[in-house]
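Subsequent text provides structure tokens for two forms of one protein chain, presented individually as structure 1 and structure 2.
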Structure 1
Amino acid sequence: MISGKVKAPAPVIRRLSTYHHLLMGLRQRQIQRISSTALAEMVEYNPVQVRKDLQLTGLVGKPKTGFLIDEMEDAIRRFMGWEAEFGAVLFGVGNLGSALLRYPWREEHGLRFIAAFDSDPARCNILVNNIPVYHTDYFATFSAEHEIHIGVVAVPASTAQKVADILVKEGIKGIWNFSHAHLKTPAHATVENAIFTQSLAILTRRLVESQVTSPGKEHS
């Protein structure tokens, strides 16, 4: 029987990623098991929610003892596809781009940068964190010779769609977008946006909301 995998809701995936990080810490402290209730407390979630989340990864706990930390970590890692490695390329070696290249994604998060690309010749033909930076024009050639699963877009919004088009044309299935641009891609390509500004907007709005407004200052 051929079966696709269950589409997990984004909030669940985010929480699972949080558990994963927490569990790594517990494992390092030689702790072997934990109950969903205790885990829930640590992250201030509802315990039933934690159990439901874990269930989705195929984990089963034992009444009275809870879950084995090693098993949990493995299950979550498998669920995310982090046991294998995703080959990745990055476009736009600016401040953010270089910071991303320098982060150790490979250790725990299944992401391996094999190259980066930039349209500015001054930034090309160097190594950043041992990752070669080439000119954007070289990408098609490079792509034909390497297995690339993920393209990271760290260019300005104005050129982001162009980069996305190139990625799609070369058959890259996953796009991690750090630009403001709303990328239009065919259905078979997955775009995930990591846009700081949206996160900042939530923070500043919450601050605005928490300010008690003086009489008349709030419009209708």
Structure 2
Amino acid sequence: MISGKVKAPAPVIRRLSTYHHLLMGLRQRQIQRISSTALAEMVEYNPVQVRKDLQLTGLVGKPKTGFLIDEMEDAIRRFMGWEAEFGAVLFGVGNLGSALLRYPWREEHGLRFIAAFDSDPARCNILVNNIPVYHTDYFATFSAEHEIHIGVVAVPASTAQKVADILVKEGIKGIWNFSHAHLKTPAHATVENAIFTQSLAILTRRLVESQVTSPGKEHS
């Protein structure tokens, strides 16, 4: 089993996140148990790989009855650190940023937005989902008074690096990047890029490969 202080490989983390996503759906359908083989079939992974991934979280299934869904979710949540609470701030309260503030991250993933920041005065001094929005200039003062683990960047690419530099300067070690910019940060800061279009790219490419066309439309 990987201890909390050992760096887990990114592919393992991504696969476990996928399992957790599916387990949430199974729980909502009131399914109580599943085997690693059945889970592997759902995600089209090798069953041996799925079992190894689950073992890293401390899970040991029973050959005939499999795993309890609740126990699997709890084990993955502990492994990911989602049982803890990570204080987060968001930069950029546009359409995307506002949507991120309204999503219930805290319930399932332990991420709690404590404030948001924007450079546009028209978007400041308001509440979005009961989260206060301040002007960017106030961040240094705010960060000195609050414990912040994660900075979420949802600003245009032209200002994303400036925001990342501000976060790093104030000691924020985790940056979740929703911008279209490649952020450069010191080694002690971790940047994770949220690229929504990756799954869409796979979908549209597969449609192109299979030469699927929309109903009523033909290629010229």
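Quick caveat, the model's predicted, so the values are computed rather than measured. Residue numbering: structure 1 sequence, from 1. The term rigid core refers to the maximal set of C-alpha atoms that superpose within 1.5 Å between the two forms.
- By the stated condition, namely the form predicted in complex with the DNA, the first structure is the one that fits.
- Once the cores line up, the CA of residue 118 ends up less than 2 angstroms apart between structures 1 and 2.
- Shown is the Cα shift of residue 43 between structures 1 and 2 after rigid core superposition, which amounts to 2.6 Å.
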